[in-house]
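Before any questions on how it binds or moves, here is one chain, the form predicted on its own, in structure tokens.
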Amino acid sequence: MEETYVLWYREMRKWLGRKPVVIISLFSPIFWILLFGKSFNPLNIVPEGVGELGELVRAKIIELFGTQDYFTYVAAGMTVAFALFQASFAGASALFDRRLGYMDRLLVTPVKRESIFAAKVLASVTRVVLLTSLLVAVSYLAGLQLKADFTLLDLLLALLTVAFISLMFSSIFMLAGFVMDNPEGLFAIGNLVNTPLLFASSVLFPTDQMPFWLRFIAELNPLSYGADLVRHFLVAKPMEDPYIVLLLFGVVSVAVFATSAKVAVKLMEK
């Protein structure tokens, strides 16, 4: 634990020392939420006060998204997409440490290999949780409508969901950082994975309105479960057995982390 903490602290100090990177990391999802969430609003198709039929259409649209407006829907969903995007850069830390020789110096010390992998992944998770907290605050100021009985526990459960998403994908991309030898290939894989996972999920649009083949993929996509959990805790979007889903989500994330760590340790011992 002490080894993991020391290495985690190094990663966090290195990240906090690069303030422009921290600011840019936060601005990118904010721009996405504000520009996309505010400009693309299906409720604007039917203005208020256009008669009974118009109100029925507006009510149906609200029922479709399960939130008060589309901005609330997309702002809550983008928290898990943000976790995915940040996780896709996690492997760069391992890759550059290998290329710059720091990893070789670290591997000749008595530090456990598991601590090296765990510290890097946990640092990625910590960064995501901190930035997501700020992202939720900015979204709230921009119009995110929290549920009426919202409490601090709801926020913590939403952040726990985001942490599980980050743990899962940070582990996968961190393992890729130990496998690959050039950053171009690592970033290319990140872009290749991010786009399909984003659009084949409930982050931007409800899965029950998708074609069958796409809905089948979206229902297997962890981002869909993460987005629905965050919406349930923040804005009261209806969901069956959210706590069981959260528990299973955590079990899968820890299993992915443990498996990735085992493979990464073998790679470090070569």
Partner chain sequence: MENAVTAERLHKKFGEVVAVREVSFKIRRGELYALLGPNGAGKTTTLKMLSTLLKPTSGDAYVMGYSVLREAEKVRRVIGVVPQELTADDELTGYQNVYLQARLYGYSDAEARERTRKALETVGLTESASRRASTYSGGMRRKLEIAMSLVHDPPVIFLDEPTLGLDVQSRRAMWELIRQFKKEGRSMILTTHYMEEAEALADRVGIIDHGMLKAEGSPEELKGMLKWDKVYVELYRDEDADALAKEMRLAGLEARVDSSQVVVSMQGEEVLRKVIGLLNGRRVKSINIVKPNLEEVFLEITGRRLREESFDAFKQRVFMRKVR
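Being a predicted model, the structure only gives us computed values, none of them experimental. Positions refer to the first chain, counted from 1.
Below: the form predicted in complex with its partner chain, not depicted.
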Proximity of V6 to its partner chain in the predicted bound form, heavy atoms at 4.5 Å: yes
Contact label in the predicted bound form: V108 to its partner chain, heavy atom within 4.5 Å: yes
Contact of R113 with its partner chain in the predicted bound form (heavy atom, 4.5 Å): yes
4.5 Å heavy atom contact, P196 and its partner chain in the predicted bound form: no
Non-hydrogen atom within 4.5 angstroms of its partner chain in the predicted bound form for each of E2, F96 and G101: yes
Sequence-ordered list of residues in 4-30 near its partner chain in the predicted bound form, where near means a heavy atom within 4.5 Å: V6, L7, Y9, R10, R13, K14, G17, R18
